[in-house]
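Same protein, same chain, two forms; see structure 1 and structure 2 below, as structure tokens.
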Structure 1
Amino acid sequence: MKTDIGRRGFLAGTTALLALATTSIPARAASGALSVWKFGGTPAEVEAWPAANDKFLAANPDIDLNYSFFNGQIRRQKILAGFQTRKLADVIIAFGQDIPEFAGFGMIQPLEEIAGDKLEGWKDRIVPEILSSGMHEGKLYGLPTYVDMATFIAIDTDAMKEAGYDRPPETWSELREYAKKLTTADRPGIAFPATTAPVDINIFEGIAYANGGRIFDEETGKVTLNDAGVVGALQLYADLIADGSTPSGNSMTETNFRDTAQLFGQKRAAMWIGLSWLNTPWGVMEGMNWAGAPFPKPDAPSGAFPPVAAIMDGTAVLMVSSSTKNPEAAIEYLDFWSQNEQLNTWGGNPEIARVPAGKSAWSEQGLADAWPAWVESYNAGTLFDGAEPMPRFIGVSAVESALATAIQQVVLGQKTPQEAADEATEAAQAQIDLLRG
């Protein structure tokens, strides 16, 4: 049998078939293997994350998720080793402060290039100031799920009232006065952490940045640890010790943020300094009354840079490795974590105690009950006024390490704040020059 088909007929037919085939194929869901490394987190967070992963797997049955959790302290060597051996996970959940170095070394990739239309949804759902903490050089490298803010103070309100005060201190001079008055024979007025732990350094940085200090000037490439703002904050630590308002300097160099919380909770310190998480309930003695407040501001900021209201950083920021073979699944995973349900995991949970990234979390009753002042401030649009990201640049660890040494030298009384800051600046600059070439 002979069938006559003209050229036009053939073209029209095949085009129609092709169009039909294209429209009838459903959008291809992400599939295949996806490895995820998460670093650090509170005990509650460590449990919450795998539970949410189960929901992700239920919604994405074709994705073979391989999730691993590691201690936050080992993240840099783990990620570095993975990068060097070309075995980096597809998704890395690390700290916002890591972004410039990871991006500079080519370990992670900008999300704009692979996220497609998901990006708009992220912008809609996440608080802009928090989303910007995942940015580096104008590009989004990480999706933050929460942030911690620095610096805050907790005060034993019973002791405060006994000393004749009716509100927490608001300026550095008030802080010294309060700390002296709250000091008794068996209880220092204030305890602050001064180990080499990154959190302890971040706590100090919040104070120094509020005083107009910075640890590094990205424009000039110069370490600025001996800026008057940082030196002034070091002087505050030295003054509190010289006033006799703290545990001994030796003791504080081995006392990290958890230890200071313990001292406060046992009524062995009337005040303690920490990050935003100190505003949520900690283990304190039965019947103890206390309040959290922003750390007092300097009477007259002395630094060369604009004083900040707070500095903030996320410690569970989702990044996509530049070597991923499955960017579709990686983006699907990030998108899952950008959904309100996941971001609300943090809302009002006192154990997790982080500043939530999701806009909808701020309308949760649990959060309003736990942090009424914060929710009020968020609704008024002032919560993030004057807040900046925590220090982030290539070489940040080297500079923060030099800063930790300077803090300890001042706390131990080995050097004056200016001497310690000058020495730290020189040492850190040498490291930066070496690293950056």
Structure 2
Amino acid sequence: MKTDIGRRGFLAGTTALLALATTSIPARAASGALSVWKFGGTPAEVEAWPAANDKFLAANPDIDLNYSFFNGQIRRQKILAGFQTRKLADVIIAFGQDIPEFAGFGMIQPLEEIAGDKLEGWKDRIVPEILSSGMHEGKLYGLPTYVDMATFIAIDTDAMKEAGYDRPPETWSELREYAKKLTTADRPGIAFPATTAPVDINIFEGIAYANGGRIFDEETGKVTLNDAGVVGALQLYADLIADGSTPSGNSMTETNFRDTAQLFGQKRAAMWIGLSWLNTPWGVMEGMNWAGAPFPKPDAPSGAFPPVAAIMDGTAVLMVSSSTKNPEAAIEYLDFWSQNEQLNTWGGNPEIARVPAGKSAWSEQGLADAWPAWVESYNAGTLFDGAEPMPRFIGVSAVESALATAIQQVVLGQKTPQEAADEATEAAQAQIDLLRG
């Protein structure tokens, strides 16, 4: 039944509310059911998260936490299905790259509207450049715990020295030279993943963006997969294969980032291309000596856009569902993960595979021991110079799907880089036009 409220009743109600607002009322502890979906993570992180959840429950005994973990590569499908069936979790821990789509489809809500005075504490404790990875159109939609950066290369330093080199390659031409010289009868000089897994696509995007490429131009609304910078990066993949420096057969389109890291860690590849964590989550065989370095830069960038030093994204960003019935408990959970004790998980307690979001994590000895160059650059204020967010816009899923097809066509020798990029651009633009009306 519809109820009409007259002007006098409205004013009386407003007066009562104002009186309540000015009365000192103790904040009530969050309570009730809270569902959390966590997507992806390194082995150490996957173990550490539930252990931290136990601490959260001990501090919040009135909250009934239902925590579920899923593979990070299915996140978009799982979250979209949950939204469509109205079974989306209260808190989603996914990738910052997903935020524009999730916000655009009304799946998550701005945190400023529900976080209250906790927001200032988040700003105090989290590195500003990393906190911005949770923002979209000027609003904070996600609380990041760390970021990954692309693209990097790992190299077997013993193999490098045997080949007569004293440093990792620094240019694309040097990379090809190294890869050929490091190739032996039973070991390719370089391995890279080319499956349709989102991380494999991000690895490629880092190479293309450093070459002045982009996958989408937000100013014009045009897909730019056939930009010369992207085509040039596709050509680099094709050249490494043509040089005979990569694993044989179709294995690259079936071997994702994790499996490629293991190839390297077992000395079955002399170099491999990945994100900033490289082999720290997966390990290497006993006695193996290796080093990580930024991926070599193009000899002469060919893209139409400014080259970037790196692209980065938070892959454990906490977001609050727009359909949650318990925003108080959701915010309490986010605030728990904003505390230094939890953020220091990525300062070497126990994880060293990520670029930490927490300012205090950068003072942890574990991080300094694992990545002294990172810590030195962070302290000098240069770690994020020239870095940009990984591609993030409404329709990114469709564009990256088309890009994955193009990468596989090139790797399998089915199409030239230009042919594959042109077809991918046309297919992705059709999807973008549908999404944007």
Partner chain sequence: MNRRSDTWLAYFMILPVVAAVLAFVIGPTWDVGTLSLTSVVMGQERGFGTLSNFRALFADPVFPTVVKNTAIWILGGTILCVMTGLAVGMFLAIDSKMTMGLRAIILLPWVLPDVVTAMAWKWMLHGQVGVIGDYISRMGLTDGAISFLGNPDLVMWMLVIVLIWRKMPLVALILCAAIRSVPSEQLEAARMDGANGWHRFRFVVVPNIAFSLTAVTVISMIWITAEFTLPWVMTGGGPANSSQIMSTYIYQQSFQFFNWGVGSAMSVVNLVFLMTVVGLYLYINRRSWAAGGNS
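Each residue is numbered by where it sits in the sequence of structure 1, with counting from 1. Think of the rigid core as the biggest set of C-alphas that the two forms share within 1.5 Å after superposition. Owing to the predicted nature of the structure, the values given are computational and were not obtained by experimental measurement.
The form predicted on its own corresponds to structure 2; structure 1 is the other form. Of the two rigid parts that describe the chain's movement between structures 1 and 2, one contains S31 and the other contains T246. Relative to the larger rigid part, the smaller one has turned by 10° between structures 1 and 2, according to C-alpha superposition. When the core is overlaid, the C-alpha of I63 ends up 3.6 Å from its other position between structures 1 and 2. Comparison between structures 1 and 2 places the CA of K87 4.0 angstrom away from its other position, after core fitting.
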